[in-house]
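Presented below, as C-alpha cells, is a lone chain in the form predicted alone.
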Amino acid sequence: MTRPLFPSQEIGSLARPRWQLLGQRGALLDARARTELTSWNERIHFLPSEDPALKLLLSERSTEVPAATVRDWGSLFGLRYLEALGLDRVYDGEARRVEMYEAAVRHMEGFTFEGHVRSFDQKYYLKAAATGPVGLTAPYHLEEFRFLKGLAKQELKLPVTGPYTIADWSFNEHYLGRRPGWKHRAARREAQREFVEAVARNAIRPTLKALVAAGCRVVQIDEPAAGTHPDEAELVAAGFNAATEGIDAEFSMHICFSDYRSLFPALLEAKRCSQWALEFANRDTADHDAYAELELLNEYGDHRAVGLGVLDVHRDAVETPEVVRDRILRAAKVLGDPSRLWVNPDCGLRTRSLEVAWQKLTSLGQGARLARAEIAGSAS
C-alpha cells in the first residue's frame, strides 16, 4: 500500500454523540440531540436521509428504534467521521465500548467488579479484582471489527487495552494471595508478573488470534498505565510479547503522558512492536521542545516507526496547521528519517467535543500536508 509521507491515524476514543447515548437507552431524543444528529449527517453523510429508522429516531417515536440499530449507527458515525477527515488509518472512536478497561474485563474469567474509582478529571471506571485464575469467556471486539470491516473505506487499526494496564488497574488478589511473603517487594513483583502474563496469554492473545483470523491486520496495544510505575517497564514488554507471540499482524504500542526516558531500555524488549505511538504536544512549549525527547530512540539505536502526538487532547485550543507542521519537521530532524513518522493526537479525543476534535484533526491533516511540501521543497 502506497502512503504519503507523514500518514495520519486515529489513536483512541471519541466523545459519544448525545443522540447515540439517548437512543441506546431507549430515551426520546431532545432538541439538542436531534440537531446534533441532523447537522453531523449533513456534514459527513453517514446515514441516508430517507432511511425510515432515521426519520423515526428524529421524531417523537424515537424510542421505537432498537438500541442495537443506534449502536451500529454510532459505530458508523465514528468511522465516517475519521474517514471524512482524511486519516489513513481509522476505527470508530471505540463507539461500542463502555470504557477501555471494563469493555475488556467483562469478557474475562477470574475477575469480580468491586466499584467505581476516579481515573481522570471527573471520569470514573468500574474496577475489578482478580479473584481467580484469569481466563476468557469469549474473544472480544470481534463484533465491532466485523461490522467495520464491511464498511471501511480506509485501513482499519484496532485498539486493544494491553495486559499491563488491565493488571495495573485491577486488584491483584488471586496471584498475590497465593504467594508466601506477599508483603515483600520481590514477592509482589513476581505476583504482578504472573498476573500480567496470565491476562496476556489467557485472554488477550486468544482474542488477538480471533481478530486476525477475522481479517484484522493492524492492532494498537494501549498501555496508558505504563508510566505509572516506570520500574515495571519490563512487565509492560513481557505482557506485550506474551500477548502477541506467534500472531501475524502489525502491532504498535501506545503509551501516553509518560516520562519515556524512565521506561527505556526495558521497553525495547517488546519484540513485535513495529511502532511507538507516543504523546508530546501537551508538553511542547516555547521554552521546551518536547520532540527533542525522540533523541532517546537514537541513543538506543531503535529505528522503529513513531506515531507522533501533535495534538494536545487536554485543551480546546486548536493547534494551527503551522504548529503541527513545525512539530512534525522537528521530530523528523531528530530522528533523521521522515519516513518513520506517522502523525496522530497525543491520545484519544473523548474529553473534547466532537466539534473541537474535528477542528484539531483538520489541522493535523493540513499540517501534515504542509510538512510534506516543506520536505519536497528542500529536496528539490
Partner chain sequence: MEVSASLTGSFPRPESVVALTRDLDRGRATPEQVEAGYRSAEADVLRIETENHLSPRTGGYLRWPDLFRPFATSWPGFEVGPITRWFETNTFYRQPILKHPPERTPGALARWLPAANGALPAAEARAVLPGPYTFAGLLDNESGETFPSLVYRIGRLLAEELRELRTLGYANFQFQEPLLVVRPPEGPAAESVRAAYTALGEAAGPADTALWTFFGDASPVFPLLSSLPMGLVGIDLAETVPEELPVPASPRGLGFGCIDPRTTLLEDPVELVRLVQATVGRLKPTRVHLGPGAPLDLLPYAPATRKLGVLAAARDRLGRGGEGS
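Since the model is a prediction, treat every value here as computed from it, not as a measurement. Numbering follows the first chain given and starts at 1.
Only in words, not in the display: the form predicted in complex with the partner chain, which the text now covers.
Asker: Only one of S258, S75, T207, T161 has a non-hydrogen atom within 4.5 angstroms of the partner chain in the predicted complex; which is it?
Answerer: Exactly one listed residue reaches within 4.5 Å, namely S258.
Asker: Between the options K55, R315, R34, R340, which residue brings a heavy atom to within 4.5 Å of the partner chain in the predicted complex?
Answerer: Contact with the partner chain in the predicted complex is made by R315 alone.
Asker: Please run the contact check for Q154 against the partner chain in the predicted complex: heavy atoms, 4.5 angstroms, yes or no?
Answerer: Heavy-atom contact with the partner chain at 4.5 Å: absent for Q154.
Asker: Is W276 close to the partner chain in the predicted complex, meaning a heavy atom pair under 4.5 Å apart or at it?
Answerer: Taking the distances in the predicted complex, the answer for W276 is no, it never comes within 4.5 Å of the partner chain.
Asker: Answer for E114 alone: is it within 4.5 Å of the partner chain in the predicted complex, judged on heavy atom distances?
Answerer: Yes, E114 sits close enough to the partner chain in the predicted complex that at least one of its heavy atoms falls within 4.5 Å.
Asker: Evaluate A292 for contact with the partner chain in the predicted complex, applying a 4.5 angstroms cut-off between non-hydrogen atoms, and reply yes or no.
Answerer: Residue-level check for A292: no, no contact with the partner chain.
Asker: Tell me, please, which stretch of 302-310, 142-150, 80-88, 123-131 lies within 4.5 angstroms of the partner chain in the predicted complex when heavy atoms are compared?
Answerer: That would be stretch 123-131.
Asker: Counting only heavy atoms and a 4.5 Å cut-off, does the partner chain in the predicted complex sit next to every one of R61, G93 and R201?
Answerer: Checking in the predicted complex: none of R61, G93 and R201 is within 4.5 Å of the partner chain.
Asker: Can you name the residues of 277-308 that have a non-hydrogen atom within 4.5 angstroms of the partner chain in the predicted complex?
Answerer: The stretch touches the partner through N282, D287.
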